[in-house]
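Shown below, as structure tokens, is a lone chain in the form predicted alone; questions about how it binds or moves come after it.
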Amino acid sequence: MNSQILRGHIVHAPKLGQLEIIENGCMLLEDGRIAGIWEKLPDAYKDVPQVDYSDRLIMQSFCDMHLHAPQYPMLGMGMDLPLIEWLNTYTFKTESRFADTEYAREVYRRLARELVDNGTTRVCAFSSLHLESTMILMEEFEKAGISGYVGKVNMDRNGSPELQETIENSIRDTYAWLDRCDPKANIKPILTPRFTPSCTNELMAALGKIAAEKHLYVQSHLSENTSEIAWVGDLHPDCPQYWDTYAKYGLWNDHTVMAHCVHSDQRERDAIKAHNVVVAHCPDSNVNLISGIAPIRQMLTEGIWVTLGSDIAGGAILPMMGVIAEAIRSSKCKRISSNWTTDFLSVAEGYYLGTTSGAHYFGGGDGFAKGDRLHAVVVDDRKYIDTARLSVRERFERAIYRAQTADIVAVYGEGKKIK
């Protein structure tokens, strides 16, 4: 058995709003799994090799539960339009370039590296509709040490001349993609109808059948924008609400990930909760694309499973510490707009949503749970002013708001050091 001890200030969030800090703590890893955490190392482990991160922060690494990998080249661009116009003006043109596999390899290799460098080790990612480029994305994530899910996008209507499938090609390529996925890999497939307006009824029905046959999770979008919701209503007059368009085709299941849910009313939220659907809250994108501010405090109070996503490139922030900070700011805006009737997120709560809540989707436990493979970042914040005067909790909070890529000096994913 390969054993080692990590030493440093250990900070994790086992429960929503609960921050546990072990100053100058010791974490025992056995074959990459967490075997114990102590304030003082037990004598029985004195001879185990140690990795010294003294006076640095050992924090949970991050889960990005909604990102569009082929939008990485347009990160920080095209922020002047709402959702539907943004898709038609910028996004579809960018994604169409991934018919070129050499281009896909270059982009996805760089994306994987930037994710790891910023401490994101688990993802739920959209690819484009291109089969070969989707396989390349999965390969590059796997090589970088990232784990999670990648989906080949399905869209057979309302795309663009450069970016749209026939229903026959969509179904054929989906089966071919699934046949090529390695069941032993850390990156696994997830069915990905882009959103209801992009998929005909026949395609949605076929994807529901595949989900049931192959026992696959599903990811898509829900109630992001009021114009989008009205469009869905026109396309499906038989469905009282947006979520019904997924449910009637077998795509509204336990562990289905729905991004945004900005305008989900009580009935829709009840359906989310009842079916254990996961909300991927994307605060930066929701503001950039003028969609609105999701009622996250209300969702948490109602017991809905909420996680965080960068939603690049609607979101312009890839590092998840930045997304956590945006989630906190967004919740404060919600409090202001509600005349101070809604509580905003604390730093500890934002950290939980960006780490533990997402980790649960991948089978992880609460915080740095015993038996889990280590997913962690080591942050060296000692260059910042007054570090010696601050408590570890204060240093952690400042790291959420200020830490840069260079401050993340080590990253662990699936129990292995990947940076």
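Numbers follow the displayed sequence, beginning with 1. It should be emphasised that the depicted structure is a prediction, and the values quoted were computed from it without experimental measurement.
The same protein also exists as the form predicted in complex with a small molecule; that form is not shown, yet it is the one meant from here on.
With a 4.5 Å cutoff on heavy atoms, Phe195 counts as touching the small molecule in the model of the complex. Remark: Leu203 does not count among the residues lining the small molecule in the model of the complex, judged by a heavy atom distance of 4.5 Å or less. Contact annotation: Trp86 falls within 4.5 Å of the small molecule in the model of the complex, judged by heavy atom distances. Contact between Ser223 and the small molecule in the model of the complex is not found at the 4.5 Å heavy atom cutoff.
Within 4.5 Å of the small molecule in the model of the complex, a heavy atom is found for none of Asp64, Cys124 and His255. Picking from 265 to 273, 159 to 167, 298 to 306, 86 to 94 the stretch near the small molecule in the model of the complex, with a 4.5 Å limit on heavy atoms, gives 86 to 94. Of the listed positions (Gln219, Thr120, Ser285, Thr134), a single one reaches within 4.5 angstroms of the small molecule by any non-hydrogen atom in the model of the complex, namely Ser285. Taking a 4.5 Å heavy atom cutoff to the small molecule in the model of the complex, the contact residue among Leu111, Leu289, Ala294, Leu191 is Leu289.
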